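Before any questions on binding or motion, here is one chain by itself as structure tokens, the form predicted on its own.
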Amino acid sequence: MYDVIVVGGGPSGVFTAQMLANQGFHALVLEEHKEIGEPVQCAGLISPRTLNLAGVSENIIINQLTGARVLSPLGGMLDIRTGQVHALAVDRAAFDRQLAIQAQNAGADVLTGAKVKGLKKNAGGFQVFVQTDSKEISCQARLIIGADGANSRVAKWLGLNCTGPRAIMYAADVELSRPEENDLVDIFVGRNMAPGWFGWLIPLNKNMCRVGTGFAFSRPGHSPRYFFQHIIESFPEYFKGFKILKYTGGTVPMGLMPKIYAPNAMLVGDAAWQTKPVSGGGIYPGMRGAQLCAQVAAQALKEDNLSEKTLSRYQLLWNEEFSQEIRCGLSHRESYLNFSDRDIDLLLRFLNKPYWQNIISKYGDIDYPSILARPLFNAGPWTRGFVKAAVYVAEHGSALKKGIKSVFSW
């Protein structure tokens, strides 16, 4: 008998269990894979803010990133170099394992190789049916928390399953010599390389990188591996002599889930669509979601009131903090979907000027992209009008000299 059972041993799940165990609740984490953190389905790029929030040691850091290049298939480039650390490449499996150890140290039980086969609602909460390597077991919990990813079975069983845009990713750890600029992330954009999405090259050290791409189009026309290969072929100077060590991949849901709670049940992390629509990153919003989830869950457990009405406060807190951020990201993403490769190329060339580079360096935040969106795009979504303005400035440099207001008024 547990107070709470968390289905899924990723960062948001074990972080929720840790916080509830810290308050004296009997918590169990069920992870279907035999090892926490495996298989890796993430680029492993986080902000220093996320590392501080997680409370894990800095020995999981593989590389510190201080800048980025955004590359167009037509030759345009946006080059941002700040000299300050904006992102960390981490050992994602070790990150997850440290979080799980912290949860266990707080008093939570963590069971790996345990696949949840079903739930049964009863007067006391839920009976959870679990298949391990050797036997079938069942557990009872007052509260069930689904942290089982983008294709959450818990969400489906609770009738909370959501349909919406998703990004499908294909990536690899590669051996690639990069003796210089190993603190710089490369981002590849273009309809034929990452429809509705982007590709990436994240240096881990002078000889290893993470490379990936994906698509967020309903009908991309090709497999994710095709787009991965297309990036390699389109930028041979960046991938000379590269060797694939292992493949990874995953799915990222994008949007606001209308309901992330039910009687005696809550969702967190990717299962609750707690991701960033612009980058697909889910570690930071998932862990903030875990904090809000644990906050509401702890109060409900103390009061022994796990009704739908009581748990609905979780949705209110999540929306209050992130709904505007997510909607802003979705708005910019929808505009981006209408850009041709030429539009993207012109926009990158336009932004690759000291004035804009300084703004991006000052306001860029991988956890809160909307902070940059406001000063960069005058608090409005990217539109074709902005691209036309960019073309005008590129052809008639005088507009830039008159000030940024002239660009938008034009």
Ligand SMILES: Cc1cc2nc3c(=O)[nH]c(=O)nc-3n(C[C@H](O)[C@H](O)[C@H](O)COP(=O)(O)OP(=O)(O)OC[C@H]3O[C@@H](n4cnc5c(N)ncnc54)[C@H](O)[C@@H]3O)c2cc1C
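No experiment lies behind these values; they were computed from the predicted model shown. We number the residues from 1 along the sequence you see.
Just so it is clear, the following notes concern the form predicted in complex with the named molecule, a form of the same protein that is not shown.
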(request) Could you tell me which of 315 to 323, 223 to 231, 133 to 141, 277 to 285 sits within 4.5 Å of the named molecule in the predicted bound form, going by non-hydrogen atoms? (result) 277 to 285
(message) Since only the chain is shown here, I'm wondering whether residue 207 would be in contact with the named molecule in the predicted bound form (any heavy atom pair within 4.5 Å).
(response) no
(message) Please determine whether residue 54 contacts the named molecule in the predicted bound form, using a 4.5 Å cut-off between heavy atoms.
(response) no
(message) Taking the named molecule as it sits in the predicted bound form, is residue 191 near enough to touch it, meaning that at least one heavy atom pair lies within 4.5 angstroms?
(response) no
(request) Report yes if any heavy atom of residue 166 sits within 4.5 Å of a heavy atom of the named molecule in the predicted bound form; otherwise report no. (result) no
(request) Counting non-hydrogen atoms within 4.5 angstroms of the named molecule in the predicted bound form, say which of 149, 203, 125, 329 makes the cut. (result) 149
(message) Just to confirm, with a 4.5 Å cut-off on non-hydrogen atoms, which of 33, 374, 342, 353 contacts the named molecule in the predicted bound form?
(response) 33
(request) May I ask you to list the residues of 2 to 21 that have any heavy atom within 4.5 angstroms of the named molecule in the predicted bound form, in sequence order? (result) 7, 8, 9, 10, 11, 12, 13
